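Next up: just one chain, as structure tokens, the form predicted on its own.
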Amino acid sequence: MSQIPTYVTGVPNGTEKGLYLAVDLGGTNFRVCSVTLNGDTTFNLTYNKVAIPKELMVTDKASKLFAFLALQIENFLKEHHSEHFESHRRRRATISTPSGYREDEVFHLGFTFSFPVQQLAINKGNLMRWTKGFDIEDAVGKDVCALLQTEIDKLKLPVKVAALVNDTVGTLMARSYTSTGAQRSTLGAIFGTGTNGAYIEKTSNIKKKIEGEYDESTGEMVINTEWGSFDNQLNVLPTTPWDKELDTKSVNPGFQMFEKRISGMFLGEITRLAILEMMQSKDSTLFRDDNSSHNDWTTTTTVASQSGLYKQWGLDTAIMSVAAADSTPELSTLRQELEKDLNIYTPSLEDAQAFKTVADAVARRAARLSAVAIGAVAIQSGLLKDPEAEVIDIGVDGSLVEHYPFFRDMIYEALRSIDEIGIQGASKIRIGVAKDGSGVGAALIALVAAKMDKSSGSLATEVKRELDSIPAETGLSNTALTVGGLLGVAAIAAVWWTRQR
């Protein structure tokens, strides 16, 4: 797995207060949010969402796209925070700092940028490549935070791009802020269209070199696992003929093999391939009746030629949820959905039961593999054996854990079967939904970054004060200058040591 350092070295505890901004560029829409943290694990969220013009997704200059994004930030501030915004603009001319604002007058912004980047600091990251229909060659290799900040500054907005955010890391932050109890959250995980996890790790356990700047004082850092690519070599992952076919026909064969067995984007296709093979088998009568006496509706089942069963991605995971939720004796709800969504007309009870069995098996495997990822982090944290840790809090987001019936129950079932966890350990793991990692979570990471800025700014002020106190007289000997320089270094070191302690 990639195990990417995120440069986020702290998580909130729910007592934080303040107003922060977050923006999310993850596809064809751009979202601007403001989050007011109330200091009691609650928050207030306001947002605007706009579509990205097609021509800006493939433009020749990166500045055109980022100028559009900065304009949306300005419009949002004018609409939702006009008084705060205008008062900052009026004060601008009276402030002597280079940017025109004191640090406490700036909106700190978390930038969720859902494209591959090489992150170099909490607010620095170079674009590696575009995906999702974007193609702006001019931006590749450049710091996306700097690109956005440049356009923000052109509009003279009181906004600082404080943090570059991964949405999974944001899920961890959002859960840690909103969860109750003394124990902070350990893991943020997404189980939806895709899957990924981010957890808190001791920096002493991180073996790869961490390039760039970060706050070393906490001794911890949030790691973005990118676990969707776990075991691409298929050394341990269970594999069926339908997994192989799905992978071969996917846009990225051989990659994201863990994700292709878990996420909602793929579960429907696995189910479709399994059902289709059963339909084509001579030994099976699935969705096929010899005559009406074989169908409890005293008719025969027909599958339309345009049915989604015959098309790649033609079976949506949503119908699997219907199958899981339908516990009626006749499975009437599922049968109605089979007819409505898949053009399978008058399916028999046996047909519906077979479909439900296959769908349940695919979903149960996904839940158990999800438990493997959660369990691995729980074991790695050491909290299972810590008698003082009452709870191991896990924040999750995504359609599977939110809406798929019994998905979390199946995760707990699997956790209890892991030897290192067992019944007692599983009861210690608390899985709760953490909404809006790209909004609330991004704002919280901006808060962490703002604290780091304030700390380093305060240190710089103290250092300058110490240096200014050294006499600057002319005619001093080289020896005296050397001694003076050493005293200055000692003073700086003393200030730094005091702050660290």
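Heads up: residue numbers just count along the shown sequence, starting at 1. Basically, rigid core = biggest C-alpha set you can superpose within 1.5 Å across the two forms. In this text the structure is predicted, and so the values were computed from the model without any measurement.
The same protein also has a form predicted in complex with a small molecule, omitted here; what follows describes it.
Does the 4.5 Å heavy atom contact test between residue 114 and the small molecule in the predicted bound form come out positive? Output for residue 114 is yes: heavy atoms within 4.5 Å of the small molecule.
Could you confirm whether residue 259 comes within 4.5 Å of the small molecule in the predicted bound form, counting heavy atoms only? Within the cut-off, so yes.
Would residue 167 sit within 4.5 Å of the small molecule in the predicted bound form, counting heavy atoms only? Yes, residue 167 lies within 4.5 Å of the small molecule in the predicted bound form.
Are any of the heavy atoms in residue 340 no more than 4.5 Å from a heavy atom of the small molecule in the predicted bound form? Looking in the predicted bound form, residue contacts with the small molecule do not include residue 340, since no heavy atom lies within 4.5 Å.
Sole residue of 123, 317, 186, 195 within 4.5 Å of the small molecule in the predicted bound form, by heavy atom: Of 123, 317, 186, 195, the residue with a heavy atom within 4.5 Å of the small molecule in the predicted bound form is 195.
Can you pick the one in 148, 270, 190, 374 that has a heavy atom within 4.5 Å of the small molecule in the predicted bound form? Exactly one listed residue reaches within 4.5 Å, namely 190.
Can you pick the stretch from 131 to 139, 415 to 423, 388 to 396, 348 to 356 whose heavy atoms fall within 4.5 Å of the small molecule in the predicted bound form? Within 4.5 Å of the partner lies stretch 131 to 139.
Once the two forms are fit on the core, has residue 258 moved its CA by at least 2 Å between the shown form and the other one? Moves: no, less than 2 Å.
Compare the position of the CA of residue 114 between the shown form and the other one after a rigid core fit and state whether the shift reaches 2 Å. Yes, its C-alpha moves 2 Å or more.
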